[in-house]
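Let's start with one chain on its own, the form predicted alone, as structure tokens.
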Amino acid sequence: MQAISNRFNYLFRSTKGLVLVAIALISLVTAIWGTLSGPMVEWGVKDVTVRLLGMQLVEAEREGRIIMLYHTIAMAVVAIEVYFITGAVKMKKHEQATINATITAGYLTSMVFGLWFAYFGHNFVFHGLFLFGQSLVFFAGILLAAALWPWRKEYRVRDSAYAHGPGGIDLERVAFFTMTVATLGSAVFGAVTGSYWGNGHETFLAEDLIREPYKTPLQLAIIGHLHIMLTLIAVALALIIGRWFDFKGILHKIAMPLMILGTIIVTAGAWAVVPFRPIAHIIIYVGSVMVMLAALMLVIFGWNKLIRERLAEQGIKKATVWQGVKALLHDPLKFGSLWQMVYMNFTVSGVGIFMAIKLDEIFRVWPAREERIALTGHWHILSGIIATIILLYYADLAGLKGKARRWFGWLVILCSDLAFGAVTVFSMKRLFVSESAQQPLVNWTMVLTDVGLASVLAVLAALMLWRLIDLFKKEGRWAQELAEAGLATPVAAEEESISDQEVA
């Protein structure tokens, strides 16, 4: 009984355990529901999954099912970021515990009952529980905003190397607070539209409306909600990675005001899609550029820090260019978390800006299907890159070291970038190949995409299996992490002390 209690405390009270559970559930959902699309349909795997699990897939309800699926995964990702924030940013212990418990109950409730309602028959009690779970997630966001309130005296900056305002106000904490409030407001932005379902609003996928000359305010609200929530998830992750690297100095002092102001402007731009659609994208671009500049400064700081620390470990005072490159690439987890932000500009940001500039001149001349593919790829690549950064950060938290650390890091980076690059080429193929000559390109990009994503999933499965096996060990890594979190029971602490004495 004590063993079960200790493992429960680890999985549902410690930061590392909570993140592990969320990643494992997302992986499970991705693995199962991933068989319902792509080549799995052609290979007949979808039919097997549907029969084995008893899914009820009415074609007319496809859009609604996809929306439920995306929301359940997105809330789990938000929960992971909240765990990272409560573990990295100073706050009271009871605040951390309450926030973590609330959002865990929320995303688990929404995930279980949302998928049950969408794919296994429409029991509307389950839909109500899905909404209840979302409400808990939202309430956890309110608690997080209260805990992050940056104007408390105990959270003033003591070290002048970090960005601060008048009276020593911690600007990084202000950035976290701003992002949280913006996320809460943007969630309401989507929820208001959701309240009109069946009463003036019908389910749709945003990419299906690209050629519609008129969009209702409710449709525009959903499009704005989709864009800003994904953007704010990326902003939160950039701030989390900044904490990981101990971002400070002159670049930190420039980046934090840019991040705060950029978050406010890009959020206002997304909300303005409904009342001020013609100028909303201009506002979004201004805010996005500021956020991207802040992220660029984090990348410069982080890569410079990686090089300096590695060269110092090696005792090299005057390094050659090659030695500097080797030092930068030494730790793929830390290098990769920043590299993925850079790579994002080639596959997401740059492509998106180019599409916006040349929309009428090029993309609206294409068949609607091609433009739809480009937009769908755009959103999925951004989501995928965010996921890989989370995985790299978690692998470091999980204590991955040595060859396993390098293999995991490089496989995630190279395989995911291969897939995202292939999708980018596929989505933009009409720029350089005609429809009649596209098939060889389509075949190769699809193969590279499938190989890349399958490899990332296989590496993730290996990481999850390692942690699962560890949970069955009496003195596994989980026990050490539980003790570090200060959650071990007196009995567990005594056992660990005896174990330490035997080793000594």
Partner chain sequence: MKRIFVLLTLTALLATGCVPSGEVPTTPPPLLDTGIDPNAWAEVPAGEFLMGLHDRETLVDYDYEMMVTSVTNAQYAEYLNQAVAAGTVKIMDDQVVGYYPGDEFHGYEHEKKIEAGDWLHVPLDDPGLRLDFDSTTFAPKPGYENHPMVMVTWFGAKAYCEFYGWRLPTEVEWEKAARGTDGRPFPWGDEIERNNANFYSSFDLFEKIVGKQGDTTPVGFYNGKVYDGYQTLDSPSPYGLYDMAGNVWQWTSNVYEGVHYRYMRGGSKADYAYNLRAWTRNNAGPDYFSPNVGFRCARDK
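Residue numbers count along the first chain shown, from 1. Every value quoted in this text rests on a predicted model; they were computed, and no experiment measured them.
Here the subject shifts to the form predicted in complex with its partner chain, a form of this protein not shown in this document.
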Among 262-270, 195-203, 100-108, 164-172, which stretch has residues with heavy atoms no more than 4.5 Å from its partner chain in the predicted bound form?
195-203
State the residue from L468, V451, A462, A31 whose non-hydrogen atoms include one within 4.5 Å of its partner chain in the predicted bound form.
V451
Counting any non-hydrogen atom inside 4.5 Å, which residue from K93, K401, R152, R364 sits next to its partner chain in the predicted bound form?
R364
Counting only non-hydrogen atoms and a 4.5 angstroms cut-off, does L457 reach its partner chain in the predicted bound form?
no
Though only this chain appears here, would R158 touch its partner chain in the predicted bound form if you measure heavy atom gaps against 4.5 Å?
no
So, in the predicted bound form, is R308 in contact with its partner chain at a 4.5 angstroms heavy atom limit?
no
Hey, in the predicted bound form, is E435 touching its partner chain, heavy atoms inside 4.5 Å?
yes
Would its partner chain be touched by all three of R372, L411 and C415 in the predicted bound form, meaning a heavy atom each within 4.5 Å?
yes
For 108-123: residues with a non-hydrogen atom within 4.5 angstroms of its partner chain in the predicted bound form?
none
